[in-house]
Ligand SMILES: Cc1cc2nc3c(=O)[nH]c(=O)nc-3n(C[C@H](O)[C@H](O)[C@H](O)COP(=O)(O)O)c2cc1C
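This document opens with one chain alone, in structure tokens, the form predicted alone.
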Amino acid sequence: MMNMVRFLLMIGEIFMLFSCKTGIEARSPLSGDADDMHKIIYYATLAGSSHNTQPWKVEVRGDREIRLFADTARVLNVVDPTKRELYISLGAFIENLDLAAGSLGYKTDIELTPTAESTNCVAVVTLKRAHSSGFDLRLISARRTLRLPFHTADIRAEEVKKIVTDDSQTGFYATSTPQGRFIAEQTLSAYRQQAQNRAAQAEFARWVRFSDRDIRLRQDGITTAGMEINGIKGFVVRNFFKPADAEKSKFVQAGIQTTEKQVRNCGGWLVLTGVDNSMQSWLDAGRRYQRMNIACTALRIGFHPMNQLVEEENYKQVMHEKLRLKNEILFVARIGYMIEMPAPVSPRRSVDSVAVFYR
């Protein structure tokens, strides 16, 4: 009997040990002997993207030219049929690339290619040697999407100015304001509507990576740690759930409950607009989004894109009218103070898997 008790205690200790883990390492470290072009692409790939699809392909020609392509095989056809979020993600990639190049001592000449729809080539970046910008690359490495509840205190005015550097196309609405409360309510309602869309749920499930094996194999998508499912729950989900389980009613209801906590616990909302729904406006919004996310990282402010009310057209129209916006809503995020900024957890594909190097 005593041996059985000891055995059960040992199993419990092992279970608790593994339940504390959040899964395998999120991303491989940068090789110590990597050249500048590998480093620049590496930091660019740490950009955010919807469902962590990482919709980019790169051609590097020599040590002076980088060509960026849209990987249309990674389009979210249900929630992003116009490819708006795909190009916002590519804009975030360009911003990281520009910051990394500047930090490593290069000046960038970025030429956007308006024929991207026919060739998938989004931009051609030419590098020239220059003085280092002094940008701290650790801010790119530390940036992440946080789906935790934030503090509800209003973001201080001086910090809003550091986050929103172009207020002509970006609005900030504190949680305590009528507009902030309205955005929270609409975001939750839009999420509920999307959660009842079977096609949207099936698309989400295709990008879920519950098991460590799937993460190692694919190095993309949404993980349990990325959804903040940690501890014992994380252990159970990683080891016993399948991606199809993300479509089941209990999982969907849990997502709605989590979203309700998220929208009610933040310091404010960022609403990014553009002059039109062109590729260039989307890329610009992506660059702004990435800059703001990095600024929030430096200020220890949590950042969480929540684009359901942009993806659901009926809610988007209501938002336009209520906020009296002149331009197109392209992107929405909630932000808020955090006691501690957790380390990044979303996996990333390796540089060699997304880039081809022509010497």
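This structure is a prediction, so every number in the text was calculated from the model and none was measured. Numbers follow the displayed sequence, beginning with 1.
If you look for the form predicted in complex with the ligand, you will not find it shown, but the lines that follow are about it.
- Annotation: in the predicted complex, residues H151, T258 and R264 none come within 4.5 Å of the ligand through any heavy atom.
- Put simply, of V237, I222, A184, A246 only one has a heavy atom within 4.5 Å of the ligand in the predicted complex, and it is I222.
- A heavy atom within 4.5 Å of the ligand in the predicted complex is found for one listed residue only; from H304, R291, K316, K57, this is H304.
- A residue is said to contact a partner when one of its heavy atoms sits within 4.5 Å of a partner heavy atom; R67 fails this definition for the ligand in the predicted complex, lying far away.
- Though the partner is left out of this view, Q308 does reach within 4.5 Å of the ligand in the predicted complex, counting heavy atoms only.
- Of the heavy atoms in Y43, none are within 4.5 Å of the ligand in the predicted complex.
- The ligand is not shown here, but in the predicted complex it comes within 4.5 Å of a heavy atom of S89.
- Only one segment in the set 294-302, 318-326, 47-55, 29-37 has any non-hydrogen atom within 4.5 angstroms of the ligand in the predicted complex, and it is 47-55.
- Residues R143, R144, T145, R147 are the ones in 129-161 with at least one heavy atom within 4.5 Å of the ligand in the predicted complex, listed in sequence order.
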